[in-house]
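Okay, here we've got a single chain as structure tokens, the form predicted on its own, with questions on binding and movement later.
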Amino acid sequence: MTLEELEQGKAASLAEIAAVTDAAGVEQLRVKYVGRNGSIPALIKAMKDVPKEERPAFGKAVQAWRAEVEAALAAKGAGAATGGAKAEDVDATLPGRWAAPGVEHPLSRVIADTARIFGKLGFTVADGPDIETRFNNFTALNTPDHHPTNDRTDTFWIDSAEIRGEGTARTAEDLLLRTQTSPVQIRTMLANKPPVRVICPGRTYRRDTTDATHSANFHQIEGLYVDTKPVSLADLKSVLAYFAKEMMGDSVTVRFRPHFFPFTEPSVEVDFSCHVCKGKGCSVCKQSGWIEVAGAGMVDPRVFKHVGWNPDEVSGYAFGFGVERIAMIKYGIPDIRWLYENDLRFLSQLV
């Protein structure tokens, strides 16, 4: 092919590109002219047959043809992507389209904030399975077999005739959907030696009628600190007071009330002063100035015995609270069901 024929081929290809009107046509011409088996790559391969003295001019012309074709294809491709619109067809005065970023779900935010706060105090995050054994969920936590939580009216027991887990066949009477994240504390103590300092966030399940404040499927975060050196109720109070201020604000204080839990002795209910009314009384705290948040206490010695630890050599505390409850208090959410409906009108308010 002579230089004159190259110029004719270039003119024809540019005219063909100029006439195309859609993206498919642009792609066809790209393959035809500059694709792996296209016309221009074929000319480059054929340069070995061009006389030596003509190769520089021939190669320069082929490369110029390739550059112009690629530029024309790129311009046509951009035009096809915008429907052939030209710069003068764009109205720059029109308002832009705001692409709203996603927001973190309030439950995820509370869990992450809790892990961050307790992480500053040396707590690590421990995890465990949703399907638990009777031993981990009840027996090791000092809950007797006749306790109401063992009934099928309160707990989701697995109905399969036999399930294999952790290398052992277990009957349906031995497996359940965990009613709390405390079994993770049992697993942690069974797998480690003291000291242990963990928080256990996770999903829990109870047979409960769903309403504005209850759900059969919810989240808990429980904490455990056990050491061979003395651990006191004062240590527990200081930790929860620190958590309250970090989560709810500096003005929040903590109140302990005597209570009973099978796995702690002594046991306490933990209240935070209402962060909305600053303890003066409002609809959020039902005019009491306080909001019940958590259960806590010193680990019962019988729990230590169940995991093979000597209660005369270790001591510690445990606490637990509902993630949904913290989220509802912190963000002023009146109905727990809002947290599960994935309504963007609600979630977009929590930026």
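Don't overthink the numbering: it's just position in the shown sequence, from 1. The model shown is predicted, which means the values in this text are computed figures rather than measured ones.
From this point on, the text means the form predicted together with ligand PHE, which you will not see here.
J.: Taking 4.5 angstroms as the heavy atom distance cut-off, pick the stretch from 145 to 153, 128 to 136, 176 to 184, 104 to 112 that is near ligand PHE in the model of the complex.
T.: Only one stretch qualifies here: 176 to 184.
J.: Looking in the model of the complex, any heavy atom of R197 within 4.5 Å of ligand PHE?
T.: No.
J.: Taking any heavy atom pair closer than or equal to 4.5 Å as contact, tell me whether G316 reaches ligand PHE in the model of the complex.
T.: Taking the distances in the model of the complex, the answer for G316 is no, it never comes within 4.5 Å of ligand PHE.
J.: Does I326 make contact with ligand PHE in the model of the complex, using a 4.5 Å heavy atom cut-off?
T.: Flag for I326 set to no.
J.: Report yes if any heavy atom of G295 sits within 4.5 Å of a heavy atom of ligand PHE in the model of the complex; otherwise report no.
T.: So G295 counts as contacting ligand PHE.
J.: Considering ligand PHE in the model of the complex, which of F263, F243, Y225, F272 comes within 4.5 Å of it through any heavy atom?
T.: Residue within 4.5 Å of the partner: F263.
J.: Looking at R206, K76, K237, H219, which is the one with a non-hydrogen atom within 4.5 Å of ligand PHE in the model of the complex?
T.: Going through each option in turn, the one that passes is R206.
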